[in-house]
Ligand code: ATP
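In C-alpha cells, one chain follows: the form predicted on its own.
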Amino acid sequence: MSKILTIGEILVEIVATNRGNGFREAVPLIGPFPSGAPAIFIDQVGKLGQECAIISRVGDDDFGWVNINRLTEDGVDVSGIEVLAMGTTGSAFVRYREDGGRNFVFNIRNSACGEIELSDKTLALIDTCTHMHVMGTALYAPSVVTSILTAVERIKAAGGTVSFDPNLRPEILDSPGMREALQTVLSKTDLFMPSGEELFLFAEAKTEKEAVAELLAKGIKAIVVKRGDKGASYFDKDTQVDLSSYKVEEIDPTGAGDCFGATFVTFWLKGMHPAEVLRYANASGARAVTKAGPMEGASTRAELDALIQAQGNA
C-alpha cells in the first residue's frame, strides 16, 4: 500500500472579485481559500482516497486552521504540520487582469512556512511514506530545500519513488542554490511532470521529441507534459499517449495543474495503463477550473468518472 508525501508551503488565497491591475486601490475580496501548491496537490490525493501526508508549518490562526481542517476532511495525514503559536500563516492576494493574467501579493518567506525543518516526528513520518512528490514552488528557502532532499533520499533509499513538477519560471533559476537543488531532484526522479516549455529548462535538446529522449536516457521512467486546455502527453521508453482536454467553463485556473498532477501520480502508482491515468488527470484538471478557489475544484473519483462518462474519452 503506497503513501504519498509532499513538503512545502501552506497558505490562504484571497481573490479580488473584479478585474484590474494589482492592489493599489481598495477592491472587494473573497476568501480565505486553502491554498499552496503542495497543499492543493495533497488535498486532491486525499480526495481520491489515497493515503497521503504533508510536512509544513502554519500559524495558530484562522488561516492556518482553515487549511488544516480542509486537509483533514479530505483524508490527508496532517501530523507533519507544525502549528506555531506566534507564527502567521502564509497568504497570497490574487487579482485577475483584463488580459486573463494575474497579479499576486505573496507572504511566504516571512510566514510560518518560510522555514521548514525536520524533527524526529517528521523524519518518522517520512519513513512511513513510499512516494515523494516535489513541487518546484517549494524550493523557496534553504531549510525547505534541505527537508525536501532529505525526504527524497530516505524514500528512494527505502525503495520508494519520486515525482517532480517543476512549476518554475526561467528567471528564478538563478536564485542561490536553485539549479543545484533542481538537478539533484531530477537525478532522483521517476516521474517528471513539466508544463510546456519547462521541459527545455532541463534538457539541451531543442525539440520536444529530442528533449523527452534525452531525459528518459538519464533514468527517468516516465514524463508527462502538461499543456493546459490543450490536454497532455505521456512518454516512457515504449509508449506515447496524447490526449486532448475536457471542455468546461473556466472560472478559476489556480490549482488545476496541481490537481492534474495529484490525480496522475495517484493512479500511476496503482499501476493503471498510462492512457487511463492521463484521462483521469485531464478530467481532474478540467474540473478544478470550474470553481473559484484553488482547492474548491478538487474531485472524488466518482466526480471524475461522471465527467469522463458525460464527455467520453478525450
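Position 1 is the first residue in the sequence shown; the rest follow in order. Note that this is a predicted model, so its numbers are computed, not measured.
Just so you know, the form predicted in complex with ligand ATP exists too; it's not on screen, but the next bit is about it.
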| remark: In this shown form the pocket that ligand ATP occupies in the predicted complex, once superposed onto the local C-alphas and checked for 3 or more atoms within 2.4 Å of backbone or C-beta atoms, is open
| message | Since the partner isn't included here, can you check whether ligand ATP sits close to all of Phe264, Gly297 and Glu303 in the predicted complex (heavy atom within 4.5 Å for each)? | response | no
| task | Just one of 238 to 246, 212 to 220, 184 to 192, 74 to 82 has residues with a heavy atom within 4.5 Å of ligand ATP in the predicted complex, so point it out. | result | 238 to 246
| task | Look up in the predicted complex whether Asp43 has a non-hydrogen atom within 4.5 angstroms of ligand ATP, and give yes or no. | result | no
| field | Distance check, Gly64 to ligand ATP in the predicted complex, heavy atom within 4.5 Å | value | no
| query | Closest heavy atom of Pro34 to ligand ATP in the predicted complex, within 4.5 Å or not? | reply | no
| said: Taking any heavy atom pair closer than or equal to 4.5 Å as contact, tell me whether Lys226 reaches ligand ATP in the predicted complex. | reply: yes
| said: To verify the annotation, which of these, Leu48, Val277, Ala53, Ala286, has a non-hydrogen atom within 4.5 Å of ligand ATP in the predicted complex? | reply: Ala286
| request: Only one of Ser111, Ser163, Asn167, Thr122 comes within 4.5 Å of ligand ATP in the predicted complex by heavy atoms, so just point that one out. | output: Asn167
